[in-house]
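Next comes just one chain, in structure tokens: the form predicted on its own.
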Amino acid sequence: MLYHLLYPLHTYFSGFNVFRYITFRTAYAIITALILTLIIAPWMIRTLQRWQIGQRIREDGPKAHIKKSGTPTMGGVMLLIGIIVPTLLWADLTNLYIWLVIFSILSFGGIGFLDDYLKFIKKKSEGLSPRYKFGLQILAALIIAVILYHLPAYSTKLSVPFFKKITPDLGWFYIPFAIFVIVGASNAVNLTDGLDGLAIGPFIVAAFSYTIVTYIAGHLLFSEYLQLTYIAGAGELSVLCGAMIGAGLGFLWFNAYPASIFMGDIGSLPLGSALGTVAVISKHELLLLLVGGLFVIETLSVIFQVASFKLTKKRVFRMAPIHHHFELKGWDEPKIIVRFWIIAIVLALLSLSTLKLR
């Protein structure tokens, strides 16, 4: 909005020319999102407390979590506001990719809201049934994938990290592949959201990584130099990724240990879907395995645990996801959180190095 209102004025006053630069608008999207989230958070915490929308703790989980019972949840609402409003202010709203990611955030946010509404307001412990939950997620991702597939300039080739000449073309199979990436990323972030600040920290790191990736992918000279697939218009997603960074930092201020608010499914599902959608649009889908490596580890721990118990009646971990395993081993929660953040940062740096090591 500000871009469309103020950039045309550069013909009268040259200072407004800064609005043409993605880097300038990304920086201010971060600042706007951070300030907006910090302003909204205290009001949201009080509102959720007044409505008695609080987290319920599993009885079979770590006993240290019992004290968290009643902590306000569904704080993801302020994350969505903190991402979407700055994006609308600073991004080029004629860019289709921006609207696809916003659609991803709103649709998965709606699914998360429905799940949280049933659990915390209607007091249905199971929330939205897995069949309907995954069905709605697949439908939302299908819409995104089909739109991208039918764009004339969009490629169905994959970019493989470390290998510049290996670019398999998936053809029509790209649609189910994109659905898998978006839905998988969404649920991976959801599974990681089990300790104070555990999910939002790596999310900020991943959003920062894709701020760089999308900027390079949408820059003709940089993409050619690094021998990456050039995606015209993808650079504008840097502004949206910047908004995700700012909103994430604002939320972390209140979600850091000991947390004053939890994001709930209304936060974790759309954050993951946003990362997945950005990865698909920027043609760095496989890179998400490294960028979001911590989310992958958490998800695999659940898969291995379930598979092992069904096949052998034995558990691989004391409890899944894996962060609970370390809790039951006696690690303090802050130690787990910070060490997992370190892992996320190292994986992100490794992923960014692949842009050059090809």
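We number the residues from 1 along the sequence you see. Every value quoted in this text rests on a predicted model; they were computed, and no experiment measured them.
The discussion below concerns the form predicted together with Muraymycin D2, not included here.
J.: Choose one stretch from 305-313, 44-52, 25-33, 285-293: the one whose residues place a heavy atom within 4.5 angstroms of Muraymycin D2 in the model of the complex.
T.: Of the options, only 305-313 has residues within 4.5 Å of the partner.
J.: Within 4.5 Å, heavy atoms only: does I40 come near Muraymycin D2 in the model of the complex?
T.: Contact with Muraymycin D2, no.
J.: Could you confirm whether P161 comes within 4.5 Å of Muraymycin D2 in the model of the complex, counting heavy atoms only?
T.: Looking in the model of the complex, residue contacts with Muraymycin D2 do not include P161, since no heavy atom lies within 4.5 Å.
J.: I'd like to check something about T73: if you look in the model of the complex, is any of its heavy atoms closer than or equal to 4.5 Å to a heavy atom of Muraymycin D2?
T.: Result yes; T73 sits at the interface with Muraymycin D2 in the model of the complex.
J.: Any of the heavy atoms of L100 lying within 4.5 Å of Muraymycin D2 in the model of the complex?
T.: Output for L100 is no: heavy atoms all beyond 4.5 Å of Muraymycin D2.
J.: Check for me whether Muraymycin D2, as it appears in the model of the complex, comes within 4.5 angstroms of all of H65, N255 and A320 - heavy atoms only.
T.: Checked in the model of the complex: all three residues contact Muraymycin D2.
J.: If the cut-off is 4.5 angstroms on heavy atoms, which of these, G184, G250, G194, G109, is the one near Muraymycin D2 in the model of the complex?
T.: Result of the distance check: G194.
J.: Counting non-hydrogen atoms within 4.5 angstroms of Muraymycin D2 in the model of the complex, say which of T87, S104, S268, T214 makes the cut.
T.: If I apply the 4.5 Å criterion carefully, the residue I get is S268.
J.: Give, in sequence order, every residue of 322-349 that has a heavy atom within 4.5 Å of Muraymycin D2 in the model of the complex, or say none if there are no such residues.
T.: Residues within 4.5 Å: H324, E333.
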